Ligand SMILES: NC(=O)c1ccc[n+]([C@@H]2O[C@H](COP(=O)([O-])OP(=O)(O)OC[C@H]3O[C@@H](n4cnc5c(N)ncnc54)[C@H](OP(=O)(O)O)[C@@H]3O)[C@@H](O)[C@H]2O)c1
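So this first bit is one chain, no partners, the form predicted on its own, shown in structure tokens.
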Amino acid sequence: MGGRAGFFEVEILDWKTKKQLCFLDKVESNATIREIRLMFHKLYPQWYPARQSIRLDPKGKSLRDEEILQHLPVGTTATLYFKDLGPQIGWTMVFLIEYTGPLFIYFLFYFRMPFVYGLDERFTSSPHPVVNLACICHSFHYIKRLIETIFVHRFSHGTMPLRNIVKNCLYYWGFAAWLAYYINHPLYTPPSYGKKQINFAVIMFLLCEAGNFSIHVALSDLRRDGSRTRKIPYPTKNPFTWLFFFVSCPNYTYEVGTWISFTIMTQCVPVGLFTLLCFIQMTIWAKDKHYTYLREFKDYPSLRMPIIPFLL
């Protein structure tokens, strides 16, 4: 066997049974985990790279594609563990499915299809202008998301387990139907403070949407070279990105702000409950990303909080 500058022998075991699945001889010391995945795929064609979780410990975290064999805490005979992640689906397709559903589901209620509110109300329209405005804002939000998915987002992880798409779609599609049912209902009543409340909400909505888009562009620019390496995002000349001075995930801050404004605009309880759930979920994601930044970067800005400046 060669030294760390030569060749390695790589043994890959099943993470659960510890049964040896393959033994790779003369693997170059500078080989990446991605290259090892490809070698494993040649031996087991049914387990394409995206399905593979390669790890140092049976219950440990998956190694990243770009990690190099000789930099891992292993000897010249490296023992790695394999776990099948199941069928995968690309993140671009995931988002396209998730976001297209709410867009069209909302229209079923807005146009009052016969099976929604009954035959007497079929294809009628609401007398309240805010209902039309809500439809425009809801549609704009999801069209923006679809555009970002196709033209802006660069994903650090290429795929997601296929089984999760059902759960995600139930969440997005189900809530879209629930919100749309009440906002477009024949008995819906407009906001208590009329135009002032609606105009305030529309301005807040547009500012938050612009901020969210600006943050997504700034994050995408960090990976313009195609790298998946995590980098610290910093504010740019765009004022909407200045929220990076205070929080690690301003895209979530703006997203929550968007739904708060939609709640104010429609004054609808289901929208408020959806906004609360969004805030809870995005706070969990933001905290996870924030602590990852702190763990990986010793010079990470100390003033930043996960999602709400100075608070949370």
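So that there is no doubt, residue numbering starts at 1 and follows the sequence shown. This one's a predicted model, so the numbers in the text were calculated from it and none came from an experiment.
Same protein, other form: the form predicted together with this ligand, not shown, and the subject of what follows.
Asker: So, in the predicted complex, is residue 231 in contact with this ligand at a 4.5 angstroms heavy atom limit?
Answerer: Within the cut-off, so yes.
Asker: Within a 4.5 Å heavy atom cut-off, is residue 83 in contact with this ligand in the predicted complex?
Answerer: The answer is no: residue 83 has no heavy atom within 4.5 Å of this ligand.
Asker: I'd like to check something about residue 293: if you look in the predicted complex, is any of its heavy atoms closer than or equal to 4.5 Å to a heavy atom of this ligand?
Answerer: Answer yes; at least one heavy atom of residue 293 falls within 4.5 Å of this ligand in the predicted complex.
Asker: Hey, in the predicted complex, does residue 214 get a heavy atom within 4.5 angstroms of this ligand?
Answerer: It does not: once this ligand is placed as it appears in the predicted complex, residue 214 has no heavy atom within 4.5 Å of it.
Asker: For the three residues 252, 278 and 289, which mark the spot I'm curious about, does each lie within 4.5 Å of this ligand in the predicted complex through at least one heavy atom?
Answerer: Spot residues vs this ligand: full contact, yes.
Asker: Sort through 171, 200, 107, 178 and report the residue having a heavy atom within 4.5 Å of this ligand in the predicted complex.
Answerer: Contact residue from the list: 171.
Asker: Out of 206, 72, 165, 222, which one falls within 4.5 Å of this ligand in the predicted complex, going by heavy atoms?
Answerer: That would be 222.
Asker: In the predicted complex, which of the stretches 253-261, 59-67, 31-39, 44-52 has residues with heavy atoms within 4.5 Å of this ligand?
Answerer: It is 253-261 that comes within 4.5 Å of the partner.
Asker: Give, in sequence order, every residue of 128-154 that has a heavy atom within 4.5 Å of this ligand in the predicted complex, or say none if there are no such residues.
Answerer: Residues within 4.5 Å: 145, 153, 154.
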